[in-house]
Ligand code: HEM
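The chain that follows stands alone, in the form predicted on its own, written as structure tokens.
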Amino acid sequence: MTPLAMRVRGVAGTLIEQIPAGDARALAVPDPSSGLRAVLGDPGVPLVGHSLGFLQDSLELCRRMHARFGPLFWVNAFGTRVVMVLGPEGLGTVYANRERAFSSQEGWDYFIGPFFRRGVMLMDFDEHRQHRRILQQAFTRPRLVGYLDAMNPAIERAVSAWPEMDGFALYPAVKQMTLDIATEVFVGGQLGPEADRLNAAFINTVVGGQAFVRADIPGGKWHRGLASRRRLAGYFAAQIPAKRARPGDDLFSVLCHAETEEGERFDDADVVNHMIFTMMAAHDTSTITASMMAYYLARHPEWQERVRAEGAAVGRAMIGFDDLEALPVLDRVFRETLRINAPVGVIARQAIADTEIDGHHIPAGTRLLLGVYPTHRMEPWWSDPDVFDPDRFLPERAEDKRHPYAWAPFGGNVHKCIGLHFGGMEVKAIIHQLLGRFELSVPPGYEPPIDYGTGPYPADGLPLTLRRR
């Protein structure tokens, strides 16, 4: 042991070393008889570890660590120690969770638990299955048809008001639009001061989980997030009696009345928690995906024309649910956008028993981050992973079929995103209307600087040139 190192207890009780940045050590020493390998890693610089690497360029960090340590490695970041899991094999092991060794609740709680507690993503096992069965009533085909019919006019209002100009900041405009859609379609509210207040509280709640200083200090993101969470909870709780009194078509009403064949229903607290979580999940991912999809189409005008021509053949300014299957080019562009820029960049889990991933020893108590975004952007799992190539999803190429979890932007197994079809139709409806009204372009060589929240998003607001058609 070097003079600068100190010995600390590992999560499974094994003595491990905390050493200066640049050196590598085992997370914990496996039993020699197990045949398992130790997870290697490096703590980074004192106090902050590799936090800045994650915030500034998580893809570069993961590529560098993968070259040193392979598909599993540990780092110190965000005030804790995490094992990063890369590659479809490792992701598949955790998603399958055959031995119930991985907890979603324990994994997410450290990062976003105070803001989105009791959301379905933060539940485990039997309780998760029960809540998901009830939630599924809100995402049946007839419900999705109704949601799309309701969101199309909201998209039309927003897109028709966008100006023809150079340098239009698309990302905040899409963010406002998806917030308004969530308010109308999910909450059943009307645009106006009430929606603005809800939107502001919602944004603060989402941003709270991204705070670097994770303490309830007045003026900080964490504090504002907690206060906004309380504001949202109070609003939804106050509306529940009216929603329960009469059925409606918005998600809020559906959750108040949803019931399985066995008679299982949500109580008031469940409705509140699921509304707060579902609004976050639907809004943030759709905003990132629609914005980045528009960017790739602006950068690749040949694909923009293919998508526009396909949409024009449908013959409607607003696509309906049945039109989605007639838009395979749009779907491939959507899939490629999710591959290059997975809107949920990492998935959190925690080992609740000694287990293994990819032949590596994982002690109980280990925090895990499943690297969806870096897995999508790295060889050997994808060819030319930095190249925008929607045709890689054609049946004759099918790069996404090389492994069940090679392409996994919606998670997997029992925790696969329950709103994936809702998100897909929302993004496609936005792009269809956008291309129907505007030609999109960007200056030659422009690439947006990428920042990281729930996933990688354009930090500069994504300035595009919009020209009316």
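Sequential numbering from 1, following the sequence displayed. The shown structure was predicted, so the numbers you read here are calculated from the model rather than taken from an experiment.
One more form of this protein should be noted, the form predicted in complex with protoporphyrin IX containing FE (HEM), which is absent from this view; the next part is about it.
Undergrad: In the predicted bound form, does every one of 43, 48 and 52 come within 4.5 Å of protoporphyrin IX containing FE (HEM), counting any heavy atom?
TA: No.
Undergrad: Please pick out the stretch from 285-293, 210-218, 86-94, 316-324 that is in contact with protoporphyrin IX containing FE (HEM) in the predicted bound form, where contact means heavy atoms within 4.5 Å.
TA: Partner-contacting stretch among the options: 285-293.
Undergrad: Please check if residue 240 has a heavy atom lying within 4.5 Å of any heavy atom of protoporphyrin IX containing FE (HEM) in the predicted bound form.
TA: So residue 240 does not count as contacting protoporphyrin IX containing FE (HEM).
Undergrad: If you check in the predicted bound form, is residue 128 within 4.5 Å of protoporphyrin IX containing FE (HEM), heavy atoms only?
TA: Heavy-atom contact with protoporphyrin IX containing FE (HEM) at 4.5 Å: present for residue 128.
Undergrad: Just to confirm, residue 121 within 4.5 Å of protoporphyrin IX containing FE (HEM) in the predicted bound form by heavy atoms?
TA: Output for residue 121 is yes: heavy atoms within 4.5 Å of protoporphyrin IX containing FE (HEM).
Undergrad: Answer for residue 411 alone: is it within 4.5 Å of protoporphyrin IX containing FE (HEM) in the predicted bound form, judged on heavy atom distances?
TA: Close contact exists here: in the predicted bound form, residue 411 approaches protoporphyrin IX containing FE (HEM) to within 4.5 Å, heavy atoms only.
Undergrad: Exactly one residue in 419, 70, 436, 30 has a non-hydrogen atom within 4.5 Å of protoporphyrin IX containing FE (HEM) in the predicted bound form; which is it?
TA: After the contact test, the surviving option is 419.
Undergrad: Just one of 186, 115, 373, 102 has a heavy atom within 4.5 angstroms of protoporphyrin IX containing FE (HEM) in the predicted bound form, so which one?
TA: That would be 186.
Undergrad: Using the arrangement in the predicted bound form, list in sequence order the residues of 137-152 with any heavy atom within 4.5 angstroms of protoporphyrin IX containing FE (HEM).
TA: Contacting residue: only 139.
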